[in-house]
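Take a look at this one chain, the form predicted alone, written out in structure tokens.
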């Protein structure tokens, strides 16, 4: 897994979520990108049921990515995080006396996966309670694991189909001490999705709900 950037794409003027996604697909295909199946990333939110210390309870987010179907990521609000196997969902059910699923808070990004040379691009419709909340774009530069070595190249590539909507360097990378970049893993990618999902939860329902 290479350096990965996840961002939220604003809707094209006068367009719905699906119409904006279709425009983005067309731009990618005009560049020469080839569609290679689909992807899904989802996030379930859990509340701690009790706190003997009297301190505010942290939320627990359990996330799944179709790129890593045999594992999931569990992230506490503000850290720490862990990678677990697929049976972690069963464990959360058994821990229902300690963690309650926040019903109606599941967020999902589902869409198409494209390959262009050394880049992997995923464009998804972000939904919550079956309502369209936005568009996610994930871009991975596969040959490199050091963000500082390839970020300018990634920005140039993203500009070719995102135009002025290209994101800044993700905070998950910029917060790391200079010279101490670690190989990018699924946790870095899922942390970016979690940040984006947290933003879209606060947004109003958008036109163009997708299935």
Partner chain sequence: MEAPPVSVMPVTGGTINMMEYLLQGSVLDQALESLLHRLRGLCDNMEPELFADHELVYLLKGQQGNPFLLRARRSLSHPTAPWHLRYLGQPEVGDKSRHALVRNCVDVAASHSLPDFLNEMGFRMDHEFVAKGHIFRRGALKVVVSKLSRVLVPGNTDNTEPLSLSSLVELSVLAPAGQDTMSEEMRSFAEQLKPLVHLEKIDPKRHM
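All of these numbers come straight from a predicted model, not from anything done at the bench. Numbering follows the first chain given and starts at 1.
Keep in mind that the form predicted together with the partner chain is not shown, yet the notes after this line are about it.
Mapping the unseen interface onto this chain, residue 7 falls outside it, with no heavy atom inside 4.5 Å of the partner chain in the predicted complex. Residue contact check for residue 121: none of its heavy atoms lie within 4.5 Å of the partner chain in the predicted complex. Of the heavy atoms in residue 58, some are within 4.5 Å of the partner chain in the predicted complex. Interface membership of residue 102, defined by any non-hydrogen atom within 4.5 Å of the partner chain in the predicted complex, is ruled out.
The partner is absent here; in the predicted complex, the one residue of 137, 107, 132, 75 having a heavy atom within 4.5 Å of the partner chain is 75. Site residues 85, 88 and 115 are all in contact with the partner chain in the predicted complex, judged by any heavy atom within 4.5 Å.
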